[in-house]
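What follows is a single chain, given as structure tokens, in the form predicted alone.
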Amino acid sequence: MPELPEVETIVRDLRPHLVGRTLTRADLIRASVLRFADPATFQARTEGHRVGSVRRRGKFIHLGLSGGEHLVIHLGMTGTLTLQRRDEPRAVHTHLVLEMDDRRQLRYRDPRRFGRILLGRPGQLERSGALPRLGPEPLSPNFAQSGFAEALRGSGRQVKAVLLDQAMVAGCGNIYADEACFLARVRPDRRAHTLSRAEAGRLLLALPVVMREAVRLRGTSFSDFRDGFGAKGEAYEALFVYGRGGLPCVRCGGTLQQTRLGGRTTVYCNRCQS
């Protein structure tokens, strides 16, 4: 958390307010969140530069700057990136404040500090390993032709482990892996190579469906997630299985099973998923 839908929601919120604006001040309050570039370089290469683009890749937010570099933000488990007025009180655990030429501020807050900030040219960040290799995007119109279903069936790992592997599919996390497995009627603890072509195909179709619906509902807020303006998302009420262990299945009425796979809470229906 946040996963693809939450990050996509933030990007869509912020894009019209940031593109074309100039960053006039960069206040790096906690330097340890900066994982690529040193603080002095960060300040010099952000202040005075215009934001030319705001986009998402996997769970990473990319701000393309006029100097040719990208300011890249990963929200980790508890991070938020919100647009606020200059006179609004600054919340505890705010680690970076970017002030713009309209006097509004973009504030990055992360209580648990699992997130990270990078600054560099995209190729430089990738070559250094600061940006990981990412798989196909579920929201891409070409996802069906991405080869994901074939790669899934070629893996000996559990289905959920494959879905959580960002090199296999970008942006999928714990919540939407469970939701996609439920929609596809596939148990998350199955070995991926045991899936039939039809089962892998259903999972290929399910991933974009659950992601798009969560984006439409502006993401899932359990505790920390907030959109680009600090409001909660509404997708929690629409979840079929995640967070509902022990409750009735919405499809068959049976009791949803809760277990742990790879250290992650996992919920599924023993009747509907095979």
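One rule holds for the numbers: they count along the sequence shown, beginning at 1. This structure is a prediction, so every number in the text was calculated from the model and none was measured.
Just so you know, the form predicted in complex with the DNA exists too; it's not on screen, but the next bit is about it.
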ask   = Check Phe143, Gly201 and Arg216: does every one of them have a heavy atom within 4.5 Å of the DNA in the model of the complex?
value = no
ask   = Which of Arg153, Arg104, Arg157, Arg90 has a heavy atom within 4.5 Å of the DNA in the model of the complex?
value = Arg157
request  = Only one of Arg226, His70, His49, Lys59 comes within 4.5 Å of the DNA in the model of the complex by heavy atoms, so just point that one out.
outcome  = Lys59
remark   = Within 4.5 Å of the DNA in the model of the complex by heavy atoms, the stretch out of 179-187, 112-120, 82-90, 96-104 is 112-120
task = Using the partner position in the model of the complex, report whether Gly173 sits within 4.5 Å of the DNA, counting heavy atoms only.
result = yes
task = Evaluate Met1 for contact with the DNA in the model of the complex, applying a 4.5 angstroms cut-off between non-hydrogen atoms, and reply yes or no.
result = yes
query = Quick one: is Thr265 in contact with the DNA in the model of the complex, heavy atoms, 4.5 Å cut-off?
reply = yes
request  = Answer for Phe240 alone: is it within 4.5 Å of the DNA in the model of the complex, judged on heavy atom distances?
outcome  = no
key: Interface residues of 64-84 toward the DNA, as seen in the model of the complex [heavy atoms, 4.5 Å]   = His74, Gly76, Met77
